[in-house]
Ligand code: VGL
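Only one chain comes next, encoded as structure tokens, the form predicted alone.
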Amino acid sequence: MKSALIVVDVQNDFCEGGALGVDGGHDVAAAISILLREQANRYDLVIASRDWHDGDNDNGGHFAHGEPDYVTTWPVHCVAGTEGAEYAPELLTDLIDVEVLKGQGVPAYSAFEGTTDSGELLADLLRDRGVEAVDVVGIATDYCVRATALDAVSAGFSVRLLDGLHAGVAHESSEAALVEMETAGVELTV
């Protein structure tokens, strides 16, 4: 069975010191790089997603006007072409086969909402390459990792969330996301 690794949003703005920094973000980036360096042959395809928001508008209400509610509105983050949108320096990007950009003018959480440089959707790309199983890692457990894993299950892929290779915004919402993912059919590795 062909498999892929989906690395979700391991970007500067989602790591400590970024606009929406998550505790443990830099450590997760480093741990993902160890996985890639030591087990690159484990995957037929390595995909990385990035938030890639427009800088000249509110991205469909995703960027808050005033105080964000941190549920559907957020501070400005991951604006295309800025340092905040770049991959965290700990992430080995030379082992990434395909990049998916999401949130280009609209709210987007799942890597399955993004497209490749050629405009291909992630689900189509995976199917075209014969991938049946995906492992999901990245930031943040309770938002974009959750949405990506759930969309992968909905698209018919076998899905695992790799323990120790994701970081969440908050403990309570991350725990709830883990329960939701497992209930939906995502295998949580230990």
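The structure displayed is predicted, hence computed values, not measured ones. Residue numbers here begin at 1 and follow the sequence given.
Another form exists, predicted together with pyrazine-2-carboxylic acid; not displayed. Remarks below refer to it.
*Asks:* Are any of the heavy atoms in His62 no more than 4.5 Å from a heavy atom of pyrazine-2-carboxylic acid in the predicted bound form?
*Replies:* The answer is yes: His62 has a heavy atom within 4.5 Å of pyrazine-2-carboxylic acid.
*Asks:* Using 4.5 Å between non-hydrogen atoms, is Tyr109 touching pyrazine-2-carboxylic acid in the predicted bound form?
*Replies:* It does: once pyrazine-2-carboxylic acid is placed as it appears in the predicted bound form, Tyr109 has a heavy atom within 4.5 Å of it.
*Asks:* Answer for Tyr43 alone: is it within 4.5 Å of pyrazine-2-carboxylic acid in the predicted bound form, judged on heavy atom distances?
*Replies:* It does not: once pyrazine-2-carboxylic acid is placed as it appears in the predicted bound form, Tyr43 has no heavy atom within 4.5 Å of it.
*Asks:* Heavy atoms within 4.5 Å of pyrazine-2-carboxylic acid in the predicted bound form: does Phe157 have any?
*Replies:* Taking the distances in the predicted bound form, the answer for Phe157 is no, it never comes within 4.5 Å of pyrazine-2-carboxylic acid.
*Asks:* Which one, 118 to 126, 157 to 165, 139 to 147, 30 to 38, holds residues whose non-hydrogen atoms are within 4.5 Å of pyrazine-2-carboxylic acid in the predicted bound form?
*Replies:* Selected stretch: 139 to 147.
*Asks:* So which bits of 8 to 26 sit within 4.5 Å of pyrazine-2-carboxylic acid in the predicted bound form, heavy atoms only?
*Replies:* Residues within 4.5 Å: Asp9, Phe14, Leu20.
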